[in-house]
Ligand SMILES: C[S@@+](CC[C@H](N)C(=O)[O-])C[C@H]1O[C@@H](n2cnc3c(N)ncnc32)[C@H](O)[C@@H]1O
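Take a look at this one chain, the form predicted on its own, written out in C-alpha cells.
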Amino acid sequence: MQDTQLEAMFSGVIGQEYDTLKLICPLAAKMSQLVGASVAQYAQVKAEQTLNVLELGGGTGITTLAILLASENLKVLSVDSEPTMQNQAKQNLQTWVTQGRLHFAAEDALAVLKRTASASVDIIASAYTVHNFLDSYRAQVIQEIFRVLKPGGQFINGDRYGLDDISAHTRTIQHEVSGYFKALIAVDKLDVLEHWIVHLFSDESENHVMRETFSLQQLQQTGFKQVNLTHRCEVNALVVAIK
C-alpha cells in the first residue's frame, strides 16, 4: 500500500487522534507504521498460518490499525489499562472486531502476560508503551514476553530508546520540546502542550528512560537470540527481538 493511501486510511479510521499525533510528534505516528511493516514482514514468512498477536498498550488504536493492515492472517489481542483510550479504539476499529480479528483486554500488561500460556504467541508488538513502565516493572514484562513467545516469535517495539551519550540525548530532547511549543501554540492547544511537557518529565526520569545499550543487552540477557535496533530518528527507534 502506498504511503499516501496508508495516510488516508489512518486519518479516515482513527480520525482526530491520528491527525493530532502527527501534529505533535510525527515520528511517533511513523513508528506505529514501522511496527506494522515489521509485523507484515513476519506474516509474509508465515503466509499460510494464522498468527496470534498480543499488543501492549493499544491506546486509541493507531498501532493496532497498523498491525491489522499488515496481514489478514492475524488475530490481535490489544491490551490497555486506560479505558477512555481503549473505548476510542473499540469505536475506531469496530470493523475488525466484527470480523473476529480483534479483541481487547482492559487490564494491566503484566497481568495479561502472566496468565498467557508459555510459547503461545507469535508476535508481541508495541509502540510508545514500554518506555512508560518503571524499570523494575519493565524487567518483569520483558521476562514474560520472552516466556509467552513461541520459538522464532518476535517482540516488535517502536519506542523511545535513549541515546547512550547523555549530552547528545539532552540536546535531542531540547529540540523535541521546542517542536512541541511551535506546533501546539500555532494551533492554540496549550492544554495538550501542558500534558506533553508534564509527561516528558516522566519519560526522562532515571527510572523510566530506556538507554539503547542497556535495553538491547537486557533483551539479550533475557534469552532473545537476535536483537536489532533500526530506524533511529532522534530518540525514537524500532527494536525487533527474535526468540
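These figures come from a predicted structure and were not determined experimentally. One-based numbering along the sequence shown.
This next part talks about the form predicted in complex with the ligand, which is not shown.
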| property | result |
| --- | --- |
| 4.5 Å heavy atom contact, residue 85 to the ligand in the predicted complex | yes |
| Contact of residue 81 with the ligand in the predicted complex (heavy atom, 4.5 Å) | yes |
| Contact flag, residue 62 vs the ligand in the predicted complex, heavy atom cut 4.5 Å | yes |
| Contact of residue 123 with the ligand in the predicted complex (heavy atom, 4.5 Å) | no |
| Contact assignment for the ligand in the predicted complex, among 89, 102, 109, 156, heavy atom within 4.5 Å | 109 |
| One residue of 73, 143, 132, 172 in contact with the ligand, assessed in the predicted complex (non-hydrogen atom, 4.5 angstroms) | 132 |
| The ligand in the predicted complex: contacting segment from 50 to 58, 208 to 216, 36 to 44, 175 to 183, heavy atom within 4.5 Å | 50 to 58 |
